[in-house]
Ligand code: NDP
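Quick heads-up: it's one chain on its own, the form predicted on its own, in structure tokens.
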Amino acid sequence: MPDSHLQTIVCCLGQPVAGNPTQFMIERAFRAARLDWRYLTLEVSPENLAAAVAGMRALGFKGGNITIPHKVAVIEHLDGLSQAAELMGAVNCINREGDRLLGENTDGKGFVQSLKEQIDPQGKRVVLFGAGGAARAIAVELGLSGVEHITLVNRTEQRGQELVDLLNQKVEVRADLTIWDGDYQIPEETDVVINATSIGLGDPDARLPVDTTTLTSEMVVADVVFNPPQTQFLTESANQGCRTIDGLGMLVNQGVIGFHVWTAIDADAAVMREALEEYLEL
């Protein structure tokens, strides 16, 4: 059990933020666990990142989240990285161990935890849409979880091929790239389909360019978009009989993992999801 005196978690951001659902969720979890801790959202410009990390050290902050645009740049200011963070080349979570600040990446871990509630990823074949930060984190964690093959579907070849090369060469999971042009048809041997793009964020009517008639009831379909949690893609997938996973589950699981990293306590996931739904007025 951590000591009870007030400690602080810091979330570094590179741009003004109107609101932070993670802050709302984590602070609710602190209260539920009866911890006198605070989660602060602080705006930090790129030129002040080094000073901000030095400030975390000097003020004794227990850790924090790192968001865009600092997930890569922060690495040079840390004392070590987890295996996943090193493979991804990006950090979204910092934990203090003694005098050392260690970088972790919980993005993909949160997704895999949600996925395991529906299906064991070991030996499965995956279709993954997108090649940005979320897709990169998810693909690496899926590879570390033992999936058999990942088909990456992306509009631009260069970015997509960079991720495929990483998966094949460093994560040692079989992966290939398909250029996304028109409605993608899901191969029938697919077990898991994942939208790791931002299509649908803030727009419940936005359509992912996928031929959903090629989905089958044996497939699990996930979407990283958490607002709205029920995207058009998930609705169409459910109509095909698929089991679906919404982005809220991934966000909650990221929070649960980060909470445990900092506090060594298991957070109440139900409390955290309730807080998110309240924040998003769902």
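Start at 1 and count along the sequence shown; that's the residue number. Everything numeric in this text was worked out from a predicted model, so none of it was measured.
This next part talks about the form predicted in complex with the named molecule, which is not shown.
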Where does the named molecule sit in the predicted bound form: which of 195 to 203, 96 to 104, 73 to 81, 117 to 125, heavy atoms within 4.5 Å?
195 to 203
Run the contact test on 24, 63 and 265 with a 4.5 Å heavy atom cut-off to the named molecule in the predicted bound form and return yes or no.
no
Any of the heavy atoms of residue 222 lying within 4.5 Å of the named molecule in the predicted bound form?
no
Non-hydrogen atom contact residue 190 with the named molecule in the predicted bound form at 4.5 angstroms
no
Please check if residue 134 has a heavy atom lying within 4.5 Å of any heavy atom of the named molecule in the predicted bound form.
yes
I'd like to know whether residue 143 contacts the named molecule in the predicted bound form, with contact meaning heavy atoms within 4.5 angstroms.
no
Which one of 56, 245, 44, 251 is close to the named molecule in the predicted bound form, taking close to mean a heavy atom within 4.5 Å?
251
What are the residues of 139 to 174, in order along the chain, with a heavy atom within 4.5 Å of the named molecule in the predicted bound form?
154, 155, 156, 159
